[in-house]
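Consider the single chain below, provided in structure tokens and representing the form predicted alone.
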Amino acid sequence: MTELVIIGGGPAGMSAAVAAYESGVRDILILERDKKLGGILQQCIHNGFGLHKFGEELTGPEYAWKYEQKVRELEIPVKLNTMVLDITEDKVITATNEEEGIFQIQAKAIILAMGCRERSKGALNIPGSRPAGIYSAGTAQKYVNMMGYLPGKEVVILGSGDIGLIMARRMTLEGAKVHAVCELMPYSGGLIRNIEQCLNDFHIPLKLSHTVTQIHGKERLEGVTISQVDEKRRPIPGTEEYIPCDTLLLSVGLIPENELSKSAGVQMDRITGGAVVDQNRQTSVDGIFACGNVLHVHDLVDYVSEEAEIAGKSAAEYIFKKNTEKEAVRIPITTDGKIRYTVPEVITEKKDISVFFRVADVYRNVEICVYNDKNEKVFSRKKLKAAPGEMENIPLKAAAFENAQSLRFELEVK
């Protein structure tokens, strides 16, 4: 029996491990499928990490190294090159590596911190053949930053998520020509600072309400046809534009890596693609917690670390049975559609919490309102602008839901 097993050795997994250790847990094991800790941060060599958490600007590897040092100092055991194959509802983990073959671990508590993966071209159904030169933005980032390969010289990027914006700048700095970043939606999915620093500073055009409608080339990509789309995201005839290029990078969204969560019987949220959790980041399965991008896609790694600390401390409380004397409640949170989802989705303890959420569109002059089941407004905050690319976070005092049976989050546009 291992008290706490953490699946994933990225920023979420390491932060959760440190928080659990500092909360008194000593029997901790991190399982990581890669050959080293750090997760996706190892290939994110640009700066901008750590401003919130450490008060200094770090590269991805530097940020990861701070947590790896802490894990080493605390002598928290880690199994690298270890793939987890299955998790059961009674917290039996089946994993494999070269040294031990297939083995099982019985855990008292589990923290899921597997991160997320990119959507592929197959999910987009773009007409055309399958020539060389089409990559996910993350794959291209790994080629450039970790392997020293430049995927191509004439580039089009589909999708304006943060990794797509960052790769537009990275490819430009490496000598490639980025002809355009095309975005299906009428707004960018990335942070405003990345639009400024990665596109505007390098005079790279951002084509909103545009998508790739045809791929040209047989052996190697020769070009793409892009088209403007209407309000229903359908290509508008007559707006086609051919761009010759040898590389197409796809930055079309991230999907939480939740196959293991599903095998454990964890209830999933259809909007986030992650687990349904309470304010402690505990899933629907007793003793299984989730944090980081496996739960919902974050803007900043600093927020991933903060959420993982909640999961680590909560797992420690679960192991030491510190919640047994607290009043059990169950207050579900619903949204109005303008707010797409919240994390947590349910409140199971009467204490001050923070609720994270994303909106469905770009809204201006809004008021974020929280109502209880009696339709009483228990919280409100005005904002000049809310956009899908920026995750929102509001604090809720326990008094706001003291006698509530449910909470409803609404975005009122003035």
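When you see a residue number, it is the position in the sequence shown, counting from 1. Keep in mind it's a predicted model, so treat the numbers as computed, not measured.
Heads up, the form predicted in complex with a small molecule isn't pictured, but that's what we're talking about next.
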Just to be sure I understand the contacts: of Q228, T82, S284, T335, which is the one whose heavy atoms reach within 4.5 angstroms of the small molecule in the predicted complex? T82
In the predicted complex, the residue from L250, L221, V301, A109 that sits within 4.5 Å of the small molecule by heavy atoms: V301
Please tell me whether any heavy atom belonging to M114 falls inside 4.5 Å of a heavy atom of the small molecule, as the geometry stands in the predicted complex. yes
Under a 4.5 Å heavy atom criterion, is K53 part of the interface with the small molecule in the predicted complex? no
Contact flag, F49 vs the small molecule in the predicted complex, heavy atom cut 4.5 Å: yes
Can you check whether M171 is within 4.5 Å of the small molecule in the predicted complex, heavy atom basis? no
Look at the stretches 269 to 277, 302 to 310, 240 to 248, 209 to 217 and give the one with heavy atoms within 4.5 Å of the small molecule in the predicted complex. 302 to 310
